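Before any questions on how it binds or moves, here is one chain, the form predicted alone, in structure tokens.
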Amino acid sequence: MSKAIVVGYLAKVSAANVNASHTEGNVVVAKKVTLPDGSTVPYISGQAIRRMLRERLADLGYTLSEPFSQVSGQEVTPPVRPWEFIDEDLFGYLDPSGGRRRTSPVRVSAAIGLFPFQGDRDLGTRSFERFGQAMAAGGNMFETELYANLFKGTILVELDRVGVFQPLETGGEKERTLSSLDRRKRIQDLLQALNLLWGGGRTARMLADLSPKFLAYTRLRVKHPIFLEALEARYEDGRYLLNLAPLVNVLERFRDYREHTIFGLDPGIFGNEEEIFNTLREYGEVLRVRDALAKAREDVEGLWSESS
């Protein structure tokens, strides 16, 4: 019986500050985490990734629950109709007034940069001369930290909880379950949302494409984010090189629990494409990312049948 789907992915950002931290003076600071050696790498919070996935699901035609939430002061009460709203189903909710809560069956890691932050900044200005004043009046200047990096992220989907709602989650008297068709479609559309991923702050001038350039998809008989620490890369001779040893290690370690594994690899991103293809094809099909996600959606089609 399949318990989880796990997708590990790498997204390439050429110049952006996707998810900012606080502002220091006139500098918009990127969110960063400090490594044991004292260097820092940028990251995009899991909350931001979840927001982007919600927005992409809306792009796919879903109505989200938030327009129907009740707001009173700092308290936001959701509709608590997860059978109706895909975001309440996949990402959970908390009803502060009624005590109803649903823990998200879709677990999302922060997207972590694989390379240290180099201290780059973008300078922005707004001159008062444009508003009819003399040049000597000056203007406003601001800076934004930005980076070029590969970001690794992981998504874990608890299959037994998607489309299944417990009384404590809804306030009902008994469990409520969507049809297998609807449960499968919600997971398939989540995968499609990942294929379309973009978003974050400052997109008006620092638009970033966060769709995967490499991904590893697997359906498991256990719930474990196996790719979370398995995606590493290095930079040599002007190209990214995917380090395969950590990935092969987890594929071997979880061999007995993996039911179906697929890899997606877009051309022109990694300098060792041939090595990636030849190494990973032992563990699953290696396709372009678009085709790999299409295969993954086909794999979901078999869920909750007699063979799953």
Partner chain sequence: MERILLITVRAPVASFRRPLDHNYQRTLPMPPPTTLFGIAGAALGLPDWELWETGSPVRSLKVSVWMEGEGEPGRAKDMWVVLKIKQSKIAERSPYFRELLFFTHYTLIYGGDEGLLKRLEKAFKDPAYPLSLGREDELMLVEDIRWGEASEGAPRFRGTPLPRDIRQIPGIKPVLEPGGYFEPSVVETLPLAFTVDRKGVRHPENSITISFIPPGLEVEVPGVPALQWRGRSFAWLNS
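Treat the numbers as computed from the prediction; the structure is a model and nothing was measured. Positions refer to the first chain, counted from 1.
Omitted from view is the form predicted in complex with its partner chain, to which the following refers.
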>> When its partner chain is placed as it is in the predicted bound form, are Val76, Arg101 and Glu229 each within 4.5 Å of it, taking any non-hydrogen atom of the residue?
In response: yes
> Just to confirm, Arg161 within 4.5 Å of its partner chain in the predicted bound form by heavy atoms?
Replying inline: yes
> Do Tyr43 and its partner chain share at least one heavy atom pair within 4.5 Å in the predicted bound form?
Replying inline: yes
>> Test of understanding: in the predicted bound form, would Leu244 fall inside 4.5 Å of its partner chain by heavy atoms?
In response: no
> Is the gap between Asn26 and its partner chain in the predicted bound form 4.5 Å or less for some heavy atom pair?
Replying inline: no
>> Between Asn195, Ser109, Thr170, Gln188, only one gets a heavy atom within 4.5 angstroms of its partner chain in the predicted bound form; which residue is that?
In response: Ser109
>> Among the candidate stretches 199-207, 214-222, 177-185, 126-134, which one is within 4.5 Å of its partner chain in the predicted bound form when only heavy atoms are counted?
In response: 214-222
> Can you name the residues of 1-38 that have a heavy atom within 4.5 Å of its partner chain in the predicted bound form?
Replying inline: Lys3, Ser21, His22, Lys31, Lys32, Val33, Thr34, Leu35, Pro36
